[in-house]
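One chain comes next, on its own, written as structure tokens: the form predicted on its own.
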Amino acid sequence: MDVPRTVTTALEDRPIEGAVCLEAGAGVGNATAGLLASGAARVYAVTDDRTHAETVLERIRTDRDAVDQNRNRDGERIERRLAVLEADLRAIPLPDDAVEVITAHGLFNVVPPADLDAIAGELTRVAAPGCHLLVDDYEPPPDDAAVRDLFALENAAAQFADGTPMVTFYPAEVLGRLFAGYGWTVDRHRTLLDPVPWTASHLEAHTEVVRSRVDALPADSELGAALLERADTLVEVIGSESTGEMYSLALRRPE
């Protein structure tokens, strides 16, 4: 499977082989693909976004077909090891103590502060004793990073449209303390990317978020038009930028 290096690096010192796993906030399924490729017995990919759920299924089916074309029936077994759950992470539809490894790869930067406790509580509830938790995310960009201005615009548009910020960059220490409050212990902290390559496509994706939130405002909103114009200008001026750090925090629930 095509698995990003950040995922393989984060998973390499965790006991994935034969484990029941959960990808919290499946996105495009990067961690799900990594867990399946690493021999997980079962992977629950949880997302509240239907498009993401369909993307994860399509990605795994494409990998299955590629394997089957090589006359290796392991492709069918790969799909049987996956369950995509369209659900809110504040109410995960799994029983207590159900999973042995949890990944949150690039999840928490899109979780507003008000939801942190509810999600941490649910991840703890479904974690079996001795469960491993991987939190991979971004340190706040440096003060002189140009991309900070784009993220600030994104948050302004989201605040006006939805009343909550779109992105929040939590330092590793903050998320470590959050989960320590739920009984988890930090195993290790490592750097996955330094600097982080914010490519033109990444910046365009963040601009699309601004556009979608502006579309939710009244059509004659001068503020919305100004935010979008400023976002387009920033993307053109920045082009791409490498700055900041992506980290991996590994935690363990007591036996």
Partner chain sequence: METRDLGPTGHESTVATFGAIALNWLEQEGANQMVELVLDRGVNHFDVAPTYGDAELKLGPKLRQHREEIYLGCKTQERDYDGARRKLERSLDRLGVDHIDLYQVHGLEYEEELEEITGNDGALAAFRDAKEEGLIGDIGLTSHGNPQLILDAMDRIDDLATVMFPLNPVVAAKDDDDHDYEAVLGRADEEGIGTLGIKAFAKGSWPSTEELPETDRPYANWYEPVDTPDEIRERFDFAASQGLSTVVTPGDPKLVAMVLDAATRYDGMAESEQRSLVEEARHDDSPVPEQLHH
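Residue numbers count along the first chain shown, from 1. Just so it is clear, the model here is predicted, and its values are computed rather than measured.
The next section is about a form of this same protein that is not shown, the form predicted together with its partner chain.
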note = Interface check vs its partner chain in the predicted complex: of S212, T191, T51, T62, the one with a heavy atom inside 4.5 Å is T191
request  = Answer for T47 alone: is it within 4.5 Å of its partner chain in the predicted complex, judged on heavy atom distances?
outcome  = no
key: in the predicted complex, S242 touching its partner chain (heavy atom, 4.5 Å)   = yes
task = Look up in the predicted complex whether S38 has a non-hydrogen atom within 4.5 angstroms of its partner chain, and give yes or no.
result = no
request  = Although its partner chain is absent from this view, report whether A250 comes within 4.5 Å of it in the predicted complex, heavy atoms only.
outcome  = no
key: One stretch from 191-199, 39-47, 222-230, 204-212 that, in the predicted complex, holds residues within 4.5 Å of its partner chain by heavy atom   = 191-199
inquiry  = Residue by residue through 23-47, which ones have a non-hydrogen atom no more than 4.5 angstroms from its partner chain in the predicted complex?
reply    = N30
